[in-house]
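Given as structure tokens, the chain that follows is alone and in the form predicted alone.
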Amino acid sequence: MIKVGIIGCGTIGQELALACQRRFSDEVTLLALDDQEPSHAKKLQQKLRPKPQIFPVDELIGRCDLIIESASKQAAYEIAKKALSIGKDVMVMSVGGILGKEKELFDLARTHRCCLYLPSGGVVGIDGLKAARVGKIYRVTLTTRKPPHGFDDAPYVLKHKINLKNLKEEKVLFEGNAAAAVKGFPKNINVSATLSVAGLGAQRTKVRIIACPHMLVNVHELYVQGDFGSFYTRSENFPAEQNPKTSRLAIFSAVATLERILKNVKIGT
């Protein structure tokens, strides 16, 4: 049985905790939880049977075999670094938090012979992008459209005083590279960080972010061009009921990544 610890008890952390106990109960033991806000961990603990323990981050990492980070962009790097440094496997959900530092984490995983897992999230096409990287990639462009309320507290929107109320037509909020997109929209555009790590890097991955007032789904369009040819993908994702900034597919992707870790058959690139 693999001992799992989850750091961050929000929408994704909760779904992964439930998956551990319901879907993967024969393979894993959900041993521990932690959250920066103790009440969130306690609230999730009450929903689970058997109840996992609540530990501080360092103790959780020391006791568990697989650490799942679903906390925040700000916490992701330190959690991953601590875990990999002592040979523990880590799944990072807040991929934007390791952007620019991923090489250090990759080196730690190699040195300590452990694994770092980065789920695809709400975008489709990561398998194709990984395959394309075997050759040369010339262009990676992500266009994201979401309902305006999903961007309410984005730092970029607040800084530029963008009014998202009473929009009548779609409004381009941002055009630039993934590095800037992750800083400006840390809760909205995590997929651009994953695409950057899998492809051309954060400086060369292009991102457009658009608020669409009549849209009920979160849409990600990915275009990749390389010496293999090109491909285009479009995903229309329902927002998670608990958090409109998170796509349901991102939650499913996290559960699917855990399943991939546990199963002996690996499908896809």
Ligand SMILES: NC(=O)c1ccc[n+]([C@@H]2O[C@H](COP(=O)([O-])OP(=O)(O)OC[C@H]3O[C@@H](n4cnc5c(N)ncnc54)[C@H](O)[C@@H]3O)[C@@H](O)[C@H]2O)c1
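Residue numbers run from 1 along the displayed sequence. Note that this is a predicted model, so its numbers are computed, not measured.
There is another form of this protein, the form predicted together with the named molecule, and it is not shown here; the text below is about that form.
*Asks:* Within 4.5 Å of the named molecule in the predicted bound form, counting heavy atoms only, one of 172-180, 114-122, 147-155, 195-203 shows up; tell me which.
*Replies:* Residues of 114-122 come within 4.5 Å of the partner.
*Asks:* With a cut-off of 4.5 Å between heavy atoms, is residue 40 one of the residues that contacts the named molecule in the predicted bound form?
*Replies:* So residue 40 counts as contacting the named molecule.
*Asks:* Would residue 108 show up as a contact with the named molecule in the predicted bound form if we use heavy atoms at 4.5 Å?
*Replies:* Flag for residue 108 set to no.
*Asks:* At 4.5 Å between heavy atoms, is residue 99 in contact with the named molecule in the predicted bound form?
*Replies:* Judged by the heavy-atom cut-off of 4.5 Å, residue 99 is well away from the named molecule in the predicted bound form.
*Asks:* Does at least one non-hydrogen atom of residue 257 fall within 4.5 angstroms of the named molecule in the predicted bound form?
*Replies:* No.
*Asks:* Of the options 90, 132, 71, 140, which one has a non-hydrogen atom that comes within 4.5 Å of the named molecule in the predicted bound form?
*Replies:* Filtering the options by heavy-atom distance leaves 71.
*Asks:* Residue by residue through 1-31, which ones have a non-hydrogen atom no more than 4.5 angstroms from the named molecule in the predicted bound form?
*Replies:* Going through 1-31 in order - heavy atoms within 4.5 Å of the named molecule in the predicted bound form - the hits are 7, 8, 9, 10, 11, 12, 13.
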